[in-house]
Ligand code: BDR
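Taking the form predicted on its own, here's one chain by itself in structure tokens.
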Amino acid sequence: MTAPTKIIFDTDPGIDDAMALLFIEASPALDLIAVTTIFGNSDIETTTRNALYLKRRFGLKAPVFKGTDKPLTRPRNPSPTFVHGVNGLGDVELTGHVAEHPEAKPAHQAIIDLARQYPGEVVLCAVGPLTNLALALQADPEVATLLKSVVIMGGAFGVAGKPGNVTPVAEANIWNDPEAADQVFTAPWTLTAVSLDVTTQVVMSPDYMDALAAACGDAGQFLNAISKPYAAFYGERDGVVGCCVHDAAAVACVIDPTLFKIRRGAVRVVTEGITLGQTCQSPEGELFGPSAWDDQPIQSVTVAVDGDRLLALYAETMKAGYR
């Protein structure tokens, strides 16, 4: 039997972040060794509180490390309370909440230290703004050669689904710190971006969430409850019946990359102007004149997904993990 993959989850919980975190914990294919928090869906105090709450309520063993509270160079954007609620988790009551503190070490240093402790073994899965990753690269550039791989939920490449969700061309995680994202895409690690092109193609319907609630105990009931306002947002804005699977899709890519079709090529992020936060890939093999993509690392972006298999993987994993 293959040993489970060690994974660090860099997250801004967040409704879909909670869905992804409990998915990681339930999966026998993954060994969660740390949760690192970042601003994004809420401010850093709230996202860290939510990570600690999920850890306590669902018995997670992994330590929680608090990340940075703002982008590398620009002011933090307002929290999207109209999507995730004021408390970041759909404004459901956080029953049994006890104030707790994260580990003393900052998130970016935890990433570095764990990569050095387990060279070549750790997948870093990041589903929020990429500032912690950029800080880790700045503090210790060798971290890019020590991680097994990086899988992010972020970007929009205009090949399918929505081309952007905060502007016509920008996805929220990238838009929240485009400078950090450009550093992350151009670092010499093996990176896969699970983008809006695929995440908007996979939807957890109300019936699907009700089935999780019936089969997965407290975890399923909690996720069903927090999904209701999330689904209402998608229904009102996009006409979607249910919840788009964003962050859990990145976790699914770590577990089973064959769920996705990828396109390879260098990726750059726009850091100024009206297209701020746009992710732009130069597809491998295409010939262009001299450009900002030259001599940059070749990375992978998702352009298609087997949605039925992804939804089945999530449901089966959760049912086995939270009976």
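Fair warning: this is a prediction, and the values are worked out from it, not measured in the lab. Numbering starts at 1 and follows the sequence shown.
The same protein also has a form predicted in complex with the named molecule, omitted here; what follows describes it.
None of N87, S79, T192, N165 but one reaches within 4.5 angstroms of the named molecule in the predicted bound form through a heavy atom, and that residue is N165.
At the 4.5 Å threshold, heavy atoms of L133 stay clear of the named molecule in the predicted bound form, well away from it. Mapping the unseen interface onto this chain, A180 falls outside it, with no heavy atom inside 4.5 Å of the named molecule in the predicted bound form.
In the predicted bound form, none of the heavy atoms of H108 sits within 4.5 Å of a heavy atom of the named molecule. Not displayed here, the named molecule is approached by N41 to within 4.5 Å at the level of heavy atoms in the predicted bound form.
Heavy atoms within 4.5 Å of the named molecule in the predicted bound form are found in one stretch of 93-101, 137-145, 170-178, 210-218, which is 170-178. In the predicted bound form, the named molecule lies within 4.5 angstroms of at least one heavy atom of each of the following residues of 237-273: H246, D247, in sequence order.
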